[in-house]
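In structure tokens, one chain follows: the form predicted on its own.
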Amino acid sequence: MKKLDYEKLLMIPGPTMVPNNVLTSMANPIIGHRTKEYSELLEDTIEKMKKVFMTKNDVYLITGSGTSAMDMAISNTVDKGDKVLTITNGNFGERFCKIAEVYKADVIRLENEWGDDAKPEEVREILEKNPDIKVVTVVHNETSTGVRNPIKEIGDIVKEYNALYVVDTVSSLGGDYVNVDKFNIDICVTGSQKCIAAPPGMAAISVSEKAWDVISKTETKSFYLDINAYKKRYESKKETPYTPSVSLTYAMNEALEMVLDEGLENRFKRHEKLAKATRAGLEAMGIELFAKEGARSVTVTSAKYPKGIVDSEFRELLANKYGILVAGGQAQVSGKIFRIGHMGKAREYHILGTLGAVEMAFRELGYDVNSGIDAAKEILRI
């Protein structure tokens, strides 16, 4: 395998850049996962995770990607034939559909245009017509399109019905305002490698009392992702039921400590400023944003390619000549948009460097753009 001769700047919507002290924390000695030392580490990490979730609910860590937590949320609450309302406006909303279909749910899709956010009143209409809906799922921050969904407003509506409210905050928690308890979220899932800025490979899930009541009446359909096993082992011994990644637990603990040290409000403001600067810079260049105004994410910005620009050529030029990775589009918008992630440890100079490289890459590919740096600087200097 060829070794990298330099570190590329990760301006993709995950995995994100990881602070050095988080990386070095993984050099701590491996300890037994059935020892007092690991139990103390796990408990401390979970308590920090609760603060970031803003919840008093039970929280568990899973060695696995964010998708493992999505799978756990559905497999422990849905039996064959149960109605699941999935709100979709991107690739990860579709993932909830696919998971629910695996467990033979009767899936009702509330499809929104890719690039637009979900409409809470449409959720109400479906719940009114289908009072037997058991679970409602939504992705807070749809990284495939750069859209942020109104999870608080949807949560206020779902609370009026019997359904469980399941929210994916994989690419928003720690970067955008998420308050599990105030938003009436019954099950909230997240991942390590986005706004939390830890390495990939660990997920977290919060579970409300309402969710536990449903879980207790649902047939267990997974061995590794049986949440009852996590609950039993943690309550009895402050352990995980199966071997966890000890090194990733160190990293999550350190990353969460950094999130809390910065302060959640400060962190939200920083992400919002970076998002505004990125949008302002691209628009000043003459690049059209993909997500609709009012629906735009604060952790990832999506933009349309100008006519004549080939996705692979643009992103390869950015990566190979300027050392900056941005993401392309997924599924139905593949080749049509590019996405810039600005989350986790991203700072002002990362945005300015990325916008400068994007400008130069477009020009080298024959598309004349204006400079976007000054427009971004106006936002960043405030």
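In this text, residue numbers run from 1 along the sequence as written. Not measured: the values here are computed from a predicted model.
Another form exists, predicted in complex with a small molecule; not displayed. Remarks below refer to it.
Exactly one of Asn149, Thr86, Gln193, Asn89 has a non-hydrogen atom within 4.5 Å of the small molecule in the model of the complex; which residue is it?
Of Asn149, Thr86, Gln193, Asn89, the residue with a heavy atom within 4.5 Å of the small molecule in the model of the complex is Gln193.
Considering the small molecule in the model of the complex, which of Asn28, Thr67, Thr35, Ser334 comes within 4.5 Å of it through any heavy atom?
-> Of Asn28, Thr67, Thr35, Ser334, the residue with a heavy atom within 4.5 Å of the small molecule in the model of the complex is Thr67.
- Message: If the criterion is a non-hydrogen atom within 4.5 angstroms, does every one of Thr143, Asp168 and Ser171 touch the small molecule in the model of the complex?
- Response: Every residue of the candidate spot has a heavy atom within 4.5 Å of the small molecule in the model of the complex.
**Message:** Given that the small molecule is not shown alongside this chain, does Val139 nevertheless sit within 4.5 Å of it in the model of the complex, heavy atom to heavy atom?
**Reply:** Looking in the model of the complex, residue contacts with the small molecule include Val139, since a heavy atom lies within 4.5 Å.
> Using heavy atoms and a 4.5 Å limit, would one call Arg296 a contact residue for the small molecule in the model of the complex?
Replying inline: Heavy-atom contact with the small molecule at 4.5 Å: absent for Arg296.
message: Using a 4.5 angstroms cut-off on non-hydrogen atoms, would Arg95 count as touching the small molecule in the model of the complex?
response: Output for Arg95 is yes: heavy atoms within 4.5 Å of the small molecule.
Exercise. Please name which of the stretches 59 to 67, 316 to 324, 44 to 52, 348 to 356 has residues with heavy atoms lying within 4.5 Å of the small molecule in the model of the complex.
Key: So the stretch in question is 59 to 67.
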